[in-house]
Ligand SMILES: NC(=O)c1ccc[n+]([C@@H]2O[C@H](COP(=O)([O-])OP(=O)(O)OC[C@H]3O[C@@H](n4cnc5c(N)ncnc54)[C@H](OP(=O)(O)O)[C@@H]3O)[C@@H](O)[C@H]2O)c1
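Form predicted alone, single chain, as structure tokens, below.
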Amino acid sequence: MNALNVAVAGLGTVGRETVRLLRARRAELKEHLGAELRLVAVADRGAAREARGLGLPASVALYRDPLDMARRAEADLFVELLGGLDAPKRFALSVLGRGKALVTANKRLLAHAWPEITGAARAGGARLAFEGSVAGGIPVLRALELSFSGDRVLGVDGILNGTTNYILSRGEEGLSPQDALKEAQILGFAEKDPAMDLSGQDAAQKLSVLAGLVTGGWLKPGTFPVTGIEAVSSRDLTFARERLGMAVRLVASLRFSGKPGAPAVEASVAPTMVPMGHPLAAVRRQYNALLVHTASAGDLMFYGKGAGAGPTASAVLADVFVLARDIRGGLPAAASTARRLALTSPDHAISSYYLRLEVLDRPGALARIADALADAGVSIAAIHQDQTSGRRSVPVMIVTHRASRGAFNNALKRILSLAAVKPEHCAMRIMA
């Protein structure tokens, strides 16, 4: 086999860069692979216009309908970079149903359709790779799949969203979260509509992919707690840095337990106060990182750019190369079997907490807050009240001793029901 044919669906920012890299590096790819990776088809609503812009030769077939390409194109490997869910899902199932190799960077597709996609790959004897779906160009998925195959992954803590990390780390430098978001949008690190990023849902989808890769099970989005950074203010970032010696990061966490055949997982995404000496505190701007906790090798850190077309396209091309190598070598497709995945309650997780409240200036207000915490079994380690004049309410910052998440949430619910406490608040776990 002197050549393998590649078809790319979706010529957006990442798709264009993937096609450009595939053509620009074809000589070195051929040298390493021993065969040419030949682009034979692309699909996009503006396929003709994009092909002209990329300088594609007439030998590359142009499709306006990706599904049409999935059914008809004579390609060995298909690349899905469409975005969204429904159209990519139809495309992926069609490709895998033909027994063809599929590379995708679509975290939403994998998170929401994991059983169907992996089931179709298994039924069709097809190969599937998705390194670009998590952490851009950082090879975390391949490391989890291959490098730790002789070890046991106990858990992961990751910064998986470049937009929120840019906002939080620029906030530590004195920029307001609103201005940091605008700056990230100008630089191309944030979408025009950043809701998926700010709400934590983007990181949650990536966490679902990670859990699926480690366990083979499906961590369905919406089944575990996800909190975004919308409530985090400049006041919180300053208090964390100046008074607690901590940085605020949106941390996606997994903890694995149970037997290999019936794994259990605890999952969460939430803004978290991280000690300055912790590796995740040093991850700044648009960078991503994954801290992997293993039974034998200990803790290992993966770090790199998580946002932008270049890192993602690089990961996609690496997947294409690996699958092409396996096809040439006649290696069988991995026949993963979906495992039963049980979710454990995060309410039992133990940590300290930070809580910022807006409290009306009334006698006994702080005492009632302290009583609510005490009644839930949560003790106060420190309390700080800003001295402000001319305001009906004052910001109060509380740091607790270690307590269960469930106890803290019960106390918080009662505190927010107090007449002297405004609804606006910010609550964060403090990482040990």
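All of these numbers come straight from a predicted model, not from anything done at the bench. Numbering starts at 1 and follows the sequence shown.
Beyond the structure shown, there is the form predicted in complex with this ligand, which is absent from this document and is the topic of what follows.
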task: Would you check whether this ligand, in the model of the complex, lies within 4.5 angstroms of a non-hydrogen atom from each of Ala111, Thr215 and Lys259?
output: no
- prompt: in the model of the complex, does Gly119 have a heavy atom within 4.5 Å of this ligand?
  reply: no
query: Arg127 near this ligand in the model of the complex, any heavy atom under 4.5 Å?
result: no
message: With a cut-off of 4.5 Å between heavy atoms, is Val95 one of the residues that contacts this ligand in the model of the complex?
response: no
In the model of the complex, Thr163 touching this ligand (heavy atom, 4.5 Å): no
field: Per-stretch contact check against this ligand in the model of the complex, the hit in 232 to 240, 166 to 174, 79 to 87, 218 to 226 (non-hydrogen atom, 4.5 angstroms)
entry: 79 to 87
query: Pick from Arg402, Arg64, His32, His384: which residue has any heavy atom within 4.5 angstroms of this ligand in the model of the complex?
result: Arg64
query: Just one of Ala101, Ala190, Ala75, Ala105 has a heavy atom within 4.5 angstroms of this ligand in the model of the complex, so which one?
result: Ala105
statement: When this ligand is considered in the model of the complex, the residues of 9 to 26 having a heavy atom within 4.5 Å of it are Gly10, Leu11, Gly12, Thr13, Val14, Gly15
